[in-house]
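What follows is a single chain, given as structure tokens, in the form predicted alone.
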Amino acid sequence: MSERYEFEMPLEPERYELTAPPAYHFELDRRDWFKFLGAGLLVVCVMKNVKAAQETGGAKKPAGEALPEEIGAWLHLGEDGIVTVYTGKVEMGQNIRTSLSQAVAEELHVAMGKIRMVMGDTQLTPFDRGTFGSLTTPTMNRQLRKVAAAARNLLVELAATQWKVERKDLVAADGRVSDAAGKRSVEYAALVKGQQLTQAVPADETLAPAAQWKVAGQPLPKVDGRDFVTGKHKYPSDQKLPEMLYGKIVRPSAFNATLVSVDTSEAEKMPGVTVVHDGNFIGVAAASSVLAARAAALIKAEWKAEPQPGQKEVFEYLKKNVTNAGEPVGLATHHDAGSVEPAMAAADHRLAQTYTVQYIAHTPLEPRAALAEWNGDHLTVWTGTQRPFGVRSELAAAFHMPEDHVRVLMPDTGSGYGGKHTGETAIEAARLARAAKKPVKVTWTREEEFTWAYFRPAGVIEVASGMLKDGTITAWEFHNYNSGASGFETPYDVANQRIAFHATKAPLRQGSYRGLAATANHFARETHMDELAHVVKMEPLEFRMKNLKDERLRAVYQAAAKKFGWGRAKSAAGQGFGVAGGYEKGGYVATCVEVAVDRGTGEVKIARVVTVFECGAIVNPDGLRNQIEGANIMALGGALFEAVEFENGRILNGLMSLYRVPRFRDIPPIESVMLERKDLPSMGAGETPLMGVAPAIGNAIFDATGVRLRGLPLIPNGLKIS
């Protein structure tokens, strides 16, 4: 099975939220699967040491204590012909439920309508680290194909045994096994009727090559899509239980503030209100959200916070507060090749520049929400999270209880973008529910989401390079402070390199964001490449191709240039063209942008975006196109105007009316080109299409005006042209 690949994938250093200390410290005393699915076929596998691979939370096992082997069930074929598939991956708007169903339908040879996908339920699904890192398609899609193929092969074996024929004379198709002559045929459901069959997943299960796909590779409509557009689907914030109460949390006055004193007496006088003060946690539960808010407002809490840096000095602060003294701090944080200093000294041209990226917010459509219910010493939580098993561990640790007493369910949630990895909202709801002895739902307000969720890290990136007169890059030095190491290695052919990530103290809570630091690193690298091209007076795309050997990256650049019409003459004043590209998470992207700049007003209009993306064999073309376009739209915000404004531990623009995200009028024509490689494994598409947008825009603005912008966002207040 694929758990080796899935569980041993190293975590990038910028996933700060996974190593952060718990949000709350409770003063609580410690308290102390078999699934009955009916007759049918159950496909399972043995998963070893999966709890040891859990990256955060939970009470640790004593050193040397053996972990039990766990049986994980992946697929159940019932007597009614319904195929129930179990995966710890979750659906948060990326349409992965559809492509995973296609994987099963392809190998099991059943109709899509027969498949039911159970996702993100820690009681029912196999352990999973989480839905992040563009890992679902390369890992889970393949895993479920192997599971479905194992089930299909067993069904064929059953038919061969019943009919006393050779297995090679039988075929499986359309939910049936038939003989080659077409004289006999039996439905899968009939084969398993009255039996309880178990089949393990072979490690070497043969899968259909992409060139032979019949269901996978097709632009099938989104599973349950009608429920989402009609309002039938219930998101985490829509969940309800009988006698449910609503929770409200009293927040600190600033980041890193400590509680000095609290007076809850006035709130406690309100009938029907439960007040909880436990350690640094203060919250209330009441019969309505309005009543809960009123009660919380009556609580008088005094907090103490030390002076903290603000947005204006954040880059200086990061450079001054390096915590690793320039040495590697973890996985994939340092890369060296050749001898940088001699190559730099011998270069005909040398260039050194600094690039910066501001903190930005995830701004999911649905803020965090959780509904918690206790049944004795067992806890059930419905919450919007990308890591149900991680949240289960956090809950178990917070309440000093075994993980098998905690169940986390994830109803398909309203987006995450890397921002819903942690379980603070689930813990808040569970703590209030324990005190109230009733189910409690906590739904963060938009202002809470902006303020108390973690942010995409700010960063300072210093790049120094050397090249020959003909444009050959001979030396490359790249240092990222705080933002992260994802995508920091250059795809260009440079013999002498020094690339490093430097961890720092951070003024804000920070963590995973769609694409991680690859967005920042691509921005710095691709802007610098444009600057180098300008130094030697070479056309920007020609300069890249001169220094590029990677054929897959060359292919997307060439396709983007052709689609865009790269090299054509400008037709108007203020018009500019920019190009950028790279690879990350197994995907290759190139983006061309056209801008129109009004030199009088400084207004910049994005006139056109062309993005070419290649991620191996395509599972669902419509889903992939949606991912590319959605990534481009999201990238516009971080490129142009998104930035968290903060001062002395407080967020200053924590409302939708103050925090600028892309609006309909900001969206240019976006042309997506998908290069398919059926000879290569399918890779994820949720992150990489973002990478080229910001540098391509910045390069286009330079082409139009001669103004070089080296910080994200590029034009939060319009372009200043002197």
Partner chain sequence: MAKIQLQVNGSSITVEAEATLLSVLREQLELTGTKYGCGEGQCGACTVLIDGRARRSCQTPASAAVNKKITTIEGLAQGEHLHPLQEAFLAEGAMQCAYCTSGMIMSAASLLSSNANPSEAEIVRHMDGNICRCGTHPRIVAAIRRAANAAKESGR
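Numbering follows the first chain given and starts at 1. This structure is a prediction, so every number in the text was calculated from the model and none was measured.
From this point on, the text means the form predicted in complex with its partner chain, which you will not see here.
Shown without its partner, this chain lists 599, 294, 552, 405 as candidates; in the predicted complex, only 294 has a non-hydrogen atom within 4.5 angstroms of its partner chain. 627 is the sole member of 422, 101, 611, 627 with a non-hydrogen atom within 4.5 Å of its partner chain in the predicted complex. For the chain shown alone, residue 477 is not a contact residue for its partner chain in the predicted complex, no non-hydrogen atom being within 4.5 angstroms.
Contact check for residue 399: no non-hydrogen atom falls within 4.5 Å of its partner chain in the predicted complex. The closest non-hydrogen atom of residue 594 lies beyond 4.5 Å of its partner chain in the predicted complex. Not displayed here, its partner chain is kept clear of residue 185 by more than 4.5 Å at the level of heavy atoms in the predicted complex.
Contact check at 4.5 Å (heavy atoms) against its partner chain in the predicted complex: none of 537, 540 and 717 pass. Here the chain stands by itself, but in the predicted complex one stretch of 569-577, 302-310, 86-94, 272-280, 86-94, has heavy atoms within 4.5 Å of its partner chain. Taking its partner chain as it sits in the predicted complex, the stretch 238-265 comes within 4.5 angstroms of it through a non-hydrogen atom at 238, 240, 246.
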